[in-house]
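The chain below stands alone and is given in structure tokens; this is the form predicted on its own.
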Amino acid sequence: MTPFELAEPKTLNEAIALLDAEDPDVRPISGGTALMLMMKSGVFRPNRLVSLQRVEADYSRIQRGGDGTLRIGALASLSQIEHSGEVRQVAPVIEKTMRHLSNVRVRNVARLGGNLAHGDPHMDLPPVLSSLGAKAIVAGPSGQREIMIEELFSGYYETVLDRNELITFVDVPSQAGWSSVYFKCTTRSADDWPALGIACSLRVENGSIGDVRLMISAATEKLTRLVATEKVLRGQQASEALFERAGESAMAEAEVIDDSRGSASYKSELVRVYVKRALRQASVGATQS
């Protein structure tokens, strides 16, 4: 690796001031699980890294609101989130997802903010958080703004964040009345990057699907909401026939890509099958809750 400056600010504002909107070789680093691999391989050669390890502890906390909402600090480790009672009470699908997200060594080090800001379309958390209606709280020199997780990603390894902006928190709304599941299909080990990720959250009212959020990742260039397929589902009686139609709709709607984990035609078939499975399981959970 080439030499670089390591800055260790003690406050969030100091960290933001050390970033440079015009210089792509200045980056923040929290856990560094992805960034260090990029540096070791020579893909990224920074001239300055701004460590977030010493900023205020508030950005590592997980808090549950009295109204059933959840606020997760962007510097919370993935293991911290995995074992959080607050997370389990509000959104148990996050805890279940964590069990097969990479491995425990990575989860002990990686941070939520970095996981999202990296922009990798294969990550498991973005589709799950998006299906829950979560939003990122982002801070920069001009102040604070909110971005829905589903709107955070603009392309392959690209986000809408400016280079001098940092994710500070992720807010998850109350999940009362919602049932959520996440399915990932891997072509290698269970904790590997998926060939397809499907996250589904829905509400069932009198046997019909009142509302639904359906997200796809890994098989597409970026996290994508299946809006047309959601329209097929809303207001319809939950049934195997409906889920079959939704699977066919999702297969037609999703713009899947070829990569080392499978061809586009293979992934299209995965979309059809896994959307149906996700809807079936989520609807059962909604009926039982």
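It should be emphasised that the depicted structure is a prediction, and the values quoted were computed from it without experimental measurement. From 1 onward, residues are counted along the sequence shown.
Not on display, but discussed next: the form predicted in complex with a small molecule.
Contact with the small molecule in the model of the complex, judged as any non-hydrogen atom within 4.5 angstroms, is confined among 215-223, 121-129, 87-95, 197-205 to 121-129. Of the candidates A110, A136, I209, V172, A110 is the one whose heavy atoms come within 4.5 Å of the small molecule in the model of the complex; the others do not. The listed set A238, L35, I257, I62 contains one residue whose heavy atoms approach the small molecule in the model of the complex to within 4.5 Å, identified as L35.
The shortest heavy atom separation between P46 and the small molecule in the model of the complex exceeds 4.5 Å. The small molecule is not shown here, and in the model of the complex it never comes within 4.5 Å of any heavy atom of I149. Within this chain, P28 lines the site of the small molecule in the model of the complex, having a heavy atom no more than 4.5 Å away. The small molecule in the model of the complex comes within 4.5 Å of no heavy atom belonging to V181.
Annotation: in the model of the complex, residues L78, V106 and A117 each come within 4.5 Å of the small molecule through at least one heavy atom.
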